[in-house]
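This document starts with one chain, in the form predicted alone, laid out as structure tokens.
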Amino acid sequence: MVSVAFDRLEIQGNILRGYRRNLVRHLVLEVRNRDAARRFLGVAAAGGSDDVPRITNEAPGRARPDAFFNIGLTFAGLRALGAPQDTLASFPTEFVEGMTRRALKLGDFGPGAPEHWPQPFDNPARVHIVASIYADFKASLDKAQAQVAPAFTIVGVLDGRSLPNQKVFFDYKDNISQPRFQGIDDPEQRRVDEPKDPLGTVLLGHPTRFEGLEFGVPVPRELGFNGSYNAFRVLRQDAAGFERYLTTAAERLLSHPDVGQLLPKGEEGWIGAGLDRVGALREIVAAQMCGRWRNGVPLALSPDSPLPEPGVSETNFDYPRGSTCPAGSHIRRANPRGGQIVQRIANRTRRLVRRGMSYGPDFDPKLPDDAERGLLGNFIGASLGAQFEAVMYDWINLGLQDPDITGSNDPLLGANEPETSWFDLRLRNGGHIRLRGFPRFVWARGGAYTFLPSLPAITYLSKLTG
């Protein structure tokens, strides 16, 4: 059911439906002139002007302006704008503490620890607003940035882009499975038959999957209602290290007595044209670690080839007992769908909206380099604690959903160390081969917990006094 109080024109865009633009620029802003910042927000929420970009809403049949513009505020940002103490006290602990103080819970230690984060995330007290501009051309990003600059101090600029074929630097097709919401028609998901999620999955003040439970709405209701929370993450991806490990693992597998249950001789061509045995094994390892072949085909529907005939859906599948998708794979950890897990009631309650684009130079696996590159990711939900942090802590980095993987980390996203890492490759006869010794492939380079207010809430903030 959709709440009668729900008005899509009041919701910021890019939450319920993605923008699908080629470029993004995230501006990290500090509020130094409170009055100027409030005036900016008031004009932006009211439709913008020649000097202020319009905040984009979730409008049906949304027109495509030159640039989409949205904002998220940190706890420090709300305080900098002058939010009263009773309002600040009504926000949940994880948001108040912020991403830096929650680092250990997220697996941000070692190279990903906050003490290694570069500017501006080395000083979270100055991270007040993350303003995001989505466009197809750099000139549109530059124009919006020039409009923002007079009202704030820009302490950080992060540019991202869509890679060809919806890929990330690990060469996987990404951004495939997203929640779809009751009462929201998204043409991109009309062929998806996963259960629809209630609006309370991402919007405060609406029913959730838990009967009789809604996540707390900060006060006043004008500020909190229809808001969301976002874990904004700068995630470095070690593409060269990942490709090196795939080769190492494939070469070790060649001499394993059960390798024929992983790849029978003569079936290399099912994996890819022109692949030798090492090349085919590399792709099998990559597919099982992720839960999808690198072209997006799910192992749950096509365990033996990324090119099934006839083709299969990338989204319409589940994990029944004995599924051909390894329990420890990335996509199964992050979204167990209807599969059997220890925390049975939690199956679909931790769904997150994921919006992300890549940053850094192109990567050529034939000419690998160690330049910094990765993902500018947004992980959006109605509760940072019950959704984002629970996924990262319980499922990604502890494997608590299944006794067979408990004590292991996600092979792609997890906080792995070569001395302790392990992952079980699934064999055709139901057995497994355990891989060990892989390093961490993804680690944080910054981030912030932000609150994504509704447009009425932004107007409320613009009218604060004092």
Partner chain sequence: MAGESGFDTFVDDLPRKWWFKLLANWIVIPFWAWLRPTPPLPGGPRPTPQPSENVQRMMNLVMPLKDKSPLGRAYAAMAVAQNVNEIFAGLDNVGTVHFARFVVIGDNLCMISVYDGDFTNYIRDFIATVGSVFDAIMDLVEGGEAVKPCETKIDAFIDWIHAHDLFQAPDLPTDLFRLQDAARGVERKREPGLLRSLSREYILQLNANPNFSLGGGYRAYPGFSVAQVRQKLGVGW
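The model shown is predicted, which means the values in this text are computed figures rather than measured ones. Positions refer to the first chain, counted from 1.
One more form of this protein, predicted together with its partner chain, exists but is not displayed; see below.
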(request) Identify which of G160, P198, P303, G385 has a heavy atom within 4.5 Å of its partner chain in the predicted bound form; exactly one of them does. (result) G385
(message) Only one of I341, V297, L141, L352 gets a heavy atom within 4.5 Å of its partner chain in the predicted bound form. Which one?
(response) I341
(message) Taking its partner chain in the predicted bound form, would F210, L213 and D402 all count as contacting it (heavy atom within 4.5 Å)?
(response) yes
(message) Even though the partner isn't displayed, in the predicted bound form is L398 close enough to its partner chain, meaning a heavy atom within 4.5 Å?
(response) yes
(message) Since only the chain is shown here, I'm wondering whether E268 would be in contact with its partner chain in the predicted bound form (any heavy atom pair within 4.5 Å).
(response) no
(message) Under a 4.5 Å heavy atom criterion, is T406 part of the interface with its partner chain in the predicted bound form?
(response) yes
(message) Can you tell me if R244 lies within 4.5 angstroms of its partner chain in the predicted bound form, counting non-hydrogen atoms only?
(response) no
(request) Work out which of the listed stretches, 307 to 315, 74 to 82, 387 to 395, 364 to 372, brings a heavy atom within 4.5 angstroms of its partner chain in the predicted bound form. (result) 387 to 395
(message) For the stretch 98 to 116, I need every residue with any heavy atom inside 4.5 Å of its partner chain in the predicted bound form, listed N to C.
(response) L104, K105, F109
